[in-house]
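Coming up is one lone chain in structure tokens, specifically the form predicted on its own.
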Amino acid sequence: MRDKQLLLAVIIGSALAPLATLPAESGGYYVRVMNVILLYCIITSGLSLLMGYAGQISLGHAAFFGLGAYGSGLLAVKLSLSPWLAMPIAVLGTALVAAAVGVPVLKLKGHYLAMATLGFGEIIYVFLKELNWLTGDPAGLIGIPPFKLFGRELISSISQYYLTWAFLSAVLLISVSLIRSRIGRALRAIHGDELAAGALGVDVSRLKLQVFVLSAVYGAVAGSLYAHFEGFIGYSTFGLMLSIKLVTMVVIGGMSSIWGALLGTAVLTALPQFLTVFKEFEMAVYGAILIGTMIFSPKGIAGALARRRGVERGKAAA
């Protein structure tokens, strides 16, 4: 009963959230920032499942974001496919790449796994950089068509805002359902102790691969949306710094909570808008925030809020 209520809350909350945060103007800067936050939330939802629940770190998720963007964009530009058709093809291709990479890479643990995923991200970055023979422009891919709905192009920020909310709602519904299921409990067991989970009958290798591929699919979906929203994509967007930012968002928000990951994403995406004076030191600021979080609140913002709520409940009971 509790699980059904939680799923119902997710559905209703996802439907009402866009209305609660309805921007005042359709083409405003605020809306564009919100779109970026929502796109990153799609990616960090998958990273939260991978890191916080399965206990597997990835420093190369910007690669899946880039593969989804370039795959969907190239299919739409070079083959004149509809964005609605190009997206699932690009996502499927990214999932196959993730599966091929995950089979050998997920046998590693700890720092070795982090370095392997970092290396994969750099390989994809160089690959995208050298695609100028296909894109026709050394800077990236231009002329990507927008999504159309009922014959109308979704080119305004407000239309993109609602479309992104729709995809994020679907992602959250899938993620919450997974977390509350038997698979979610198995993932938490793997995070706690892989050997113990295996001894209890959990297929550790298969589940780790599945959640890795699922997180890659989330990244590819966000990449496809980004490509058709912007109309232009450049390889420089999908480098190591973006992967580090995404991991930082999940850690600061709270790895053990998908809602914490969303909160961390919102905070760290909006923060640079208020700290423009530190633009040249953006990564240093991120690093300082990450260190401070690890020292004073290892479970992130969500953990700190949960701990405070527990203290308040204890006082009330006393």
Partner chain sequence: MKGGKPLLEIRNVKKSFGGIRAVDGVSFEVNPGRIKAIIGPNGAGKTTLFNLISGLYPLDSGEIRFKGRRISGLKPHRIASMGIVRTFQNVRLFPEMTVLENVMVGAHRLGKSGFLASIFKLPGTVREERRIREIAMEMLEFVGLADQADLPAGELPLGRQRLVELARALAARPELLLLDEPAAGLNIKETEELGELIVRIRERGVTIALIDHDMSLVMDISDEVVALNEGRKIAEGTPEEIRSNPLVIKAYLGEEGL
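Keep in mind it's a predicted model, so treat the numbers as computed, not measured. Positions refer to the first chain, counted from 1.
What comes next is about the form predicted together with its partner chain, which is not displayed.
Among heavy atoms of H111, none comes within 4.5 Å of its partner chain in the predicted bound form. Its partner chain in the predicted bound form is not approached by G143, whose heavy atoms all lie more than 4.5 angstroms from it. Contact annotation: K148 falls outside 4.5 Å of its partner chain in the predicted bound form, judged by heavy atom distances. When contacts are judged by a 4.5 Å heavy atom cut-off, L214 counts as touching its partner chain in the predicted bound form. Picking from 238 to 246, 205 to 213, 126 to 134, 159 to 167 the stretch near its partner chain in the predicted bound form, with a 4.5 Å limit on heavy atoms, gives 205 to 213. Contact annotation: of the candidates A139, L200, A100, L79, the single residue with a non-hydrogen atom within 4.5 angstroms of its partner chain in the predicted bound form is L200. Of the candidates I155, I89, L118, I183, I183 is the one whose heavy atoms come within 4.5 Å of its partner chain in the predicted bound form; the others do not. Along 170 to 198, a non-hydrogen atom within 4.5 Å of its partner chain in the predicted bound form is carried by I174, S177, L178, R180, S181, R182, I183, R185, A186, R188, A189, G192, D193, L195, A196, A197, G198, in order along the sequence.
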